[in-house]
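Read the single chain below, which is given as structure tokens and is the form predicted alone.
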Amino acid sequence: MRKIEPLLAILLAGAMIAAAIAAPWLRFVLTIALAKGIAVMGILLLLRAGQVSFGHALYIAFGAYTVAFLAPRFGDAMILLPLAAVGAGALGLVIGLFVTRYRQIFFGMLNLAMSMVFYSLLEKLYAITKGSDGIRVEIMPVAGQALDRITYEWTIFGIALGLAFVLGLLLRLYLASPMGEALAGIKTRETRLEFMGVPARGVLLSAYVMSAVLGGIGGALIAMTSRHVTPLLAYWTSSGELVFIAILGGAGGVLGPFLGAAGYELVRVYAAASFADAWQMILGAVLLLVILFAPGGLWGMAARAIGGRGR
């Protein structure tokens, strides 16, 4: 399955581009899906260690607000993206030094608590964050080039797609490396890792920081695409979306987060348009069906469809 994963990635990217051309309004939806897919890759890293973060929207919100705060001063997407990534990584390091001491439900709930503290600060510090009204992000230059709205949207879509490819490749290489294998060992035999001289907490901390960086990048792309950031980005329901997408897409490969994100966003858009008062129920039904009949997620379904085995 690993051998054809790059081919499937190319096919998925081609399908997204074709959909964005055929239906221009989907360009926004698919860019958001790519941004969330990048963030969910961070959830995938933690799942490999048997840990689930119920507060990872913290890093999406941090990346988004980094763009919103710094855009008037720096005003270039190619500068703001690295700043959001580095800032989220630094925050992830500080929080990770504390939360990686814990496992299972304690790990998940501590992340949730951190996220809700950040959400409360964004809500209450109105003079700085504009509270629940949020901050508007204007169309910004990209690599020094001023763009009109349509060109800007296509450019951000292309950047998101390119980052998805590059970061997905790097994550794939990481998971196949000794560090990635040690990460999987935390889930099954953490004590044995320690006996072998591998610091399990250090391995988990490095993965946690990487997941924070991915969340920051995803949040920056969301801010540049939606051009409006609010505290709801850090709310617990946003973290729940990331876990939902991770389960829907499947943790068997790096394509899982993007399959899950695209499926989630498309189902939500069409369900909300057709059943405005019941779209949450439809999303819940979809997740329930995936858990019952396709526990490997959309990635697992794709693996079975081509006769392979997602790993």
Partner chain sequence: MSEVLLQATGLRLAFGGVKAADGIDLGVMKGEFLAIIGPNGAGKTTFINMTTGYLRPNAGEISYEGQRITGMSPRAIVKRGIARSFQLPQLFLEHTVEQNVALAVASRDGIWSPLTPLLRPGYRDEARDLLERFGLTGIAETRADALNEGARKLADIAMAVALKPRLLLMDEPTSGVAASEKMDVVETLARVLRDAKVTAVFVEHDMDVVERFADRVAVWSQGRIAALGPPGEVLSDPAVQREVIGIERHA
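Positions refer to the first chain, counted from 1. Quick caveat: nothing in here was measured; it's all calculated off a predicted structure.
The following text describes the form predicted in complex with the partner chain, which does not appear among the structures shown.
A residue is said to contact a partner when one of its heavy atoms sits within 4.5 Å of a partner heavy atom; Y174 meets this definition for the partner chain in the predicted complex. In the predicted complex, F195 approaches the partner chain with a heavy atom inside 4.5 Å. In the predicted complex, the partner chain lies within 4.5 Å of some heavy atom of V203.
In the predicted complex, at least one heavy atom of K187 sits within 4.5 Å of a heavy atom of the partner chain. Considering the partner chain in the predicted complex, the lone stretch of 187 to 195, 96 to 104, 78 to 86, 212 to 220 in range is 187 to 195 [heavy atom distance within 4.5 Å]. By the 4.5 Å heavy atom rule, the three marked residues G263, G284 and L287 all fail to count as contacting the partner chain in the predicted complex.
Scanning I128, L170, L121, A146 against the partner chain in the predicted complex with a 4.5 Å heavy atom cut-off leaves one residue, L170.
In summary, among the residues L91, A71, A182, I159, the only one with a non-hydrogen atom within 4.5 Å of the partner chain in the predicted complex is A182.
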